[in-house]
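Just the one chain here, the form predicted alone, laid out as structure tokens.
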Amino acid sequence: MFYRLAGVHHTRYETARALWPIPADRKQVIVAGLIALVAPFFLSTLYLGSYMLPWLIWSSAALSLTLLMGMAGQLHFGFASVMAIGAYTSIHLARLGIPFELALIGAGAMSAVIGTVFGAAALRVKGLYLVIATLAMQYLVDWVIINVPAISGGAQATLRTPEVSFLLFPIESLTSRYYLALGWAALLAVFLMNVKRTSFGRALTAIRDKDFAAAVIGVDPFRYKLMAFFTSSFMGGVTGAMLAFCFYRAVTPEQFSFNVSIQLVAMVLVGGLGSVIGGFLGAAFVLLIPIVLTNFVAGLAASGWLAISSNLLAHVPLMIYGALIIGFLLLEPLGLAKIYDNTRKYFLVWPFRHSRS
């Protein structure tokens, strides 16, 4: 079998601390990277622009929230507002003639500052009270965007993104926007995998498990929670700018509503809390499974295999989708990433049994 620990001796700290110490893992990453790089050459514009591009961007959003929810254990039900701040900030900065690279940094900085302000106020509470505090941020930001014409142009206004370039390459074609989103998603994935191995990541893990115990051993919970809010909000703000410039090409207040925050939380939970690959799997599940189910049910109805009314036909995919989410939470609460890990362990020790812990 190709999945073996043969040749991995852990005789040096450098190899023991590698991101992918097992050769099969490195090969999988290389193959996935090559497929992502050549995707624009063999995928149609429909699949590239309607499936791959939004999947990469929303995976980046899920990874940004994973740092806060999965690693630090802080609930956030207003993350769509963080992305909205980044999207509107980047558009206004780009319209002022600021280079797009600096506009992205400015978008992340604005989201990080505002997100940290709300985070500082919310960190005095926990659990459901923290959820309510982040909901207050969502609704407050929504109200400001809608009622301040200088930001959005009005409740019904659409703010178009200007023409920009990234590192002297114009971001106008679908291929260029895809590669920009791919680069940002890869950067976030590598960043989060490395964060887990740093003192910052270990401190967040200790706070997530038990903040009182973390304080006893010298970890300042308030400081590290603020750092988690700042870092997560910065990444979310840049992702919101990516969403505006690479996918929507124009933004409205409805694109960052409370429903989007709920979808982001679902991506993190279904994918697996604290898992990098779970961010990608959760985004794929939330974005693509409803489309697949809708096409599947519509195909059954068109072929005569499913005789239901048109009204019920519109709700059946949502019912199946909800049942799938409940099934995952019941059968595997640790998400899709745990299913992948169990499969990986099966091949790692085959033909012997693997641990299900």
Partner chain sequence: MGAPTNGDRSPVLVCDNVSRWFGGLHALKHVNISVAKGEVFGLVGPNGSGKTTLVNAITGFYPPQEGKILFEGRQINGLKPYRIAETGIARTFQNVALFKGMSVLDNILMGRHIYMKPNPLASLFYWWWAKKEEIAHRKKVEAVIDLLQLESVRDEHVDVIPLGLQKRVELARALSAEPRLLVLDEPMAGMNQEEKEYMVRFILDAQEALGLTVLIIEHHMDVVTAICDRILVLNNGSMIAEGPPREAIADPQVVEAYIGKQRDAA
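Residue numbers count along the first chain shown, from 1. As the structure is a computational prediction, the values presented were derived from the model and not from experiment.
What comes next is about the form predicted in complex with the partner chain, which is not displayed.
Colleague: Using a 4.5 Å heavy atom cut-off, indicate which stretch of 192-200, 238-246, 144-152, 263-271 touches the partner chain in the predicted bound form.
Modeller: Answer to the contact question: 192-200.
Colleague: So in the predicted bound form, does any heavy atom of Thr231 sit within 4.5 Å of the partner chain?
Modeller: Contact check for Thr231: yes, within 4.5 Å of the partner chain in the predicted bound form.
Colleague: So in the predicted bound form, is the partner chain close enough to Lys210 to count as touching (4.5 Å, heavy atoms)?
Modeller: Contact check for Lys210: yes, within 4.5 Å of the partner chain in the predicted bound form.
Colleague: Find out whether any non-hydrogen atom of Glu254 is located within 4.5 angstroms of the partner chain in the predicted bound form, and reply yes or no.
Modeller: Flag for Glu254 set to no.
Colleague: Contact with the partner chain in the predicted bound form for Met110, defined as at least one heavy atom pair within 4.5 Å: yes or no?
Modeller: Contact with the partner chain, no.
Colleague: Only one of Leu93, Leu75, Ile171, Ala214 comes within 4.5 Å of the partner chain in the predicted bound form by heavy atoms, so just point that one out.
Modeller: Contact residue from the list: Ala214.
Colleague: Using a 4.5 Å cut on heavy atoms, which of Val349, Ala24, Leu19, Ile339 is close to the partner chain in the predicted bound form?
Modeller: Among Val349, Ala24, Leu19, Ile339, a heavy atom within 4.5 Å of the partner chain in the predicted bound form occurs only for Leu19.
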